[in-house]
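Consider the single chain below, provided in structure tokens and representing the form predicted on its own.
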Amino acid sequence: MPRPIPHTLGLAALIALALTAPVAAQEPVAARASAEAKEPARESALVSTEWLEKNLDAPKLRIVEVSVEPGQYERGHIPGAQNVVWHTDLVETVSRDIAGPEKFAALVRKLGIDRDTTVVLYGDNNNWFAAWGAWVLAQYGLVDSVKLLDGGRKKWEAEKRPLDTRTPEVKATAFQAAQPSAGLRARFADVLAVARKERDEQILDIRSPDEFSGKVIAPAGVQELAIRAGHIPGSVNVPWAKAVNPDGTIRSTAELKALYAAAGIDGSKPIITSCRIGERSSHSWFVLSRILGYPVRNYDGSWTEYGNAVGVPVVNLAGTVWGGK
């Protein structure tokens, strides 16, 4: 496709939704090839803003934006990028579930994605929902070919790289989807078994310290709430944003290992990531599984499911009392 004419936007968005094919087939830059030899897992999961701008016209590349704030894509996006709305395109809108096989396949076909396509996901809010998109795609077998844009929309805009307002036209594929794999998704029964010490797994709660302690039920202004505050017994707290540098890029592998090891997470036991509705925890799932190679499942029911359940054990360090009327 012809390179769109760049224009400038303000620094409003934070992240880049990235899905890409195996790095070996996508890395023409010598410097990144050298880095890949040092950290192959990291280099297979992420692409740089420099690499993406140099490969915007690659025929087997699809760029997808998944942002939280409405209108980000329309105000300007990475040239060639297509838009995915997480709360309608990636989920079943009536039942609380990820998009089923038929809906998922229709979306992926429309985006021009097939099994041999490199997909780069990016978005705002430091790739919360870009990572969510990667988690959903992974359940349908799209793993190694899916990558995040390191630094996302925030870094792309800060570097004044090109933006476009046109929606690209892509050729639809014949992608087929089977039932999603259950291996990357934790359910309520799984975390309850861990809370009751019936299963030897670790729960990583990546919410803010105030949410974890029970001081607040959820961040201000959100609509998905629970009846109780606190956290699942046995879980440890490492807020998701600690894995990210100020420019939006993901921290080095050594830093990540040290960060999680300080909380007792080192990959020696299966891990379940959890937050409020599963979006922030999908970011930590991506870091832990795709970059560190740890065995991880994401619990998308998270606190809005667990905190609304009846008769389950809860830890509330803040000592807050339900204020229902």
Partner chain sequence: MTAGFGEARGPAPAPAPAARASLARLAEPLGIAVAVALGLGIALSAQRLAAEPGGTRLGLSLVLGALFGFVLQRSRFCFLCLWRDFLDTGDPRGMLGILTALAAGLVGYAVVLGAWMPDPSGTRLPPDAHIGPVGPVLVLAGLAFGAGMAVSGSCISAHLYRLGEGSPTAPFALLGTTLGFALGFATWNPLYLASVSEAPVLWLPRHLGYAGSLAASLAALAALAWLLHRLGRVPGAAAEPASPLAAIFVARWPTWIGGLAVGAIATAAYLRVAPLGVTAEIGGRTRQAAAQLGLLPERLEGLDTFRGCATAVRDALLTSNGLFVGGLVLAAFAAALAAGQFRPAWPSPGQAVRGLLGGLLLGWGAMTGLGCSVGTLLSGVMAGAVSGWVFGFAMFAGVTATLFAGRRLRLIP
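Note that the structure is a prediction, hence the values are computed from the model and not measured. Residue numbers count along the first chain shown, from 1.
This next part talks about the form predicted together with the partner chain, which is not shown.
Taken together, the three residues V85, T88 and T167 all come within 4.5 Å of the partner chain in the predicted bound form, as judged by their closest heavy atom. Here the chain stands alone, but in the predicted bound form its contact with the partner chain, taken as any heavy atom within 4.5 Å, falls in 74-82 among 116-124, 74-82, 200-208, 233-241. For the chain shown alone, S95 is not a contact residue for the partner chain in the predicted bound form, no non-hydrogen atom being within 4.5 angstroms.
Though the partner is left out of this view, D57 does not reach within 4.5 Å of the partner chain in the predicted bound form, counting heavy atoms only. Residue contact check for P70: one or more of its heavy atoms lie within 4.5 Å of the partner chain in the predicted bound form.
Within 4.5 angstroms of the partner chain in the predicted bound form, the stretch 217-244 places a non-hydrogen atom from Q223 alone.
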